[in-house]
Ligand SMILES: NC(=O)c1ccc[n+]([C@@H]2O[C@H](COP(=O)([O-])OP(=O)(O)OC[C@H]3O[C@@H](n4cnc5c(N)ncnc54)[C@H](OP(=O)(O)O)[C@@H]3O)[C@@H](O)[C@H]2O)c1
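Taking the form predicted on its own, here's one chain by itself in structure tokens.
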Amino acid sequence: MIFLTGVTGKIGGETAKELIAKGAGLRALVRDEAKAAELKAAGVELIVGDIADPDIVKQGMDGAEKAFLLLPNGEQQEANEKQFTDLAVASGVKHLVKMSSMEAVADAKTPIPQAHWAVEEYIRASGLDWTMVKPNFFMQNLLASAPTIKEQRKFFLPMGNGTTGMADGRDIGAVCAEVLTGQGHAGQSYEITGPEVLSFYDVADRFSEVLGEKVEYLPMPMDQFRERMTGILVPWHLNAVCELFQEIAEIGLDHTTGTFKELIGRDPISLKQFIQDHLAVFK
């Protein structure tokens, strides 16, 4: 039995789909049962409740050999993930797989990577078998820009000249499912990227190629982005996202990894393929 969190989100949902296809026995913690109706229909056992409730988490872990930890970024994320780790130890879970990020390193300077790193260290010290899955930037994040791409052939982000090794969430889900069902993954930190390092000007070029019309990336000043997102994100999350995006703008990523192909046996999905697969949304 594998106990899952995050299954109603993009990456957790892709992970669950991959695991269902592999025939794994699954139990998932959800806050809203209706959002997981398709998974329930596919045979996933649902536990309804809050990740912060230790009794609910223990119920989910009962009899589980492995657990998948994927929580949304937030002020209580670190505390909830550490509690989840303690409960995994107490419940007899053998292997804990955590969704982290490539930015999570010992000298991380911004809140989200700092929280990820603190939990990684906590898990490593727990005595559990563990695996960290560490992507960089999800192509699915670009779906939020679909309205302006569709209507104006422009998109606006505060990334400046920053670069990423963005990966498709479907590929990340495939990696998580492999780690949860395969052998030899304990004690590994897997940095997962797409096939190329891209600036957001490069992203605009890929959109132009696929859509057959010129698409422009217009860097948005960070204070304008902050103003736009005020009221949409709570203050802690807004500040943390702004700091993370500022880090991408100033530092970015200068390499890709071959880890995905080593684990899955095929090349990762390219941005052009991602756009083609979501053509109805962008065009």
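What you are looking at is a predicted structure, and each value in this text was computed from that prediction instead of being measured. In case it trips you up, residue 1 is the first one in the sequence shown, and so on.
There is another form of the same protein, the form predicted in complex with the ligand; it is not shown, and what comes next is about it.
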With the partner omitted here, the residue among 119, 99, 174, 96 that in the predicted bound form has a heavy atom within 4.5 Å of the ligand is 99
Answer key, the ligand contact in the predicted bound form at 4.5 Å (heavy atoms) among 50, 45, 227, 38: the residue is 50
- Message: residue 136 versus the ligand, in the predicted bound form: is there a non-hydrogen atom within 4.5 Å?
- Response: yes
- Query: Just to confirm, residue 70 within 4.5 Å of the ligand in the predicted bound form by heavy atoms?
  - Reply: yes
If we define contact as a non-hydrogen atom of the residue within 4.5 angstroms of the partner, is residue 10 a contact of the ligand in the predicted bound form?
yes
Under a 4.5 Å heavy atom criterion, is residue 211 part of the interface with the ligand in the predicted bound form? no
Quick check: do 162, 206 and 273 each get a heavy atom within 4.5 Å of the ligand in the predicted bound form? no
Per contact check vs the ligand in the predicted bound form (non-hydrogen atom within 4.5 angstroms), the hit among 109-117, 87-95, 182-190, 195-203 is 109-117
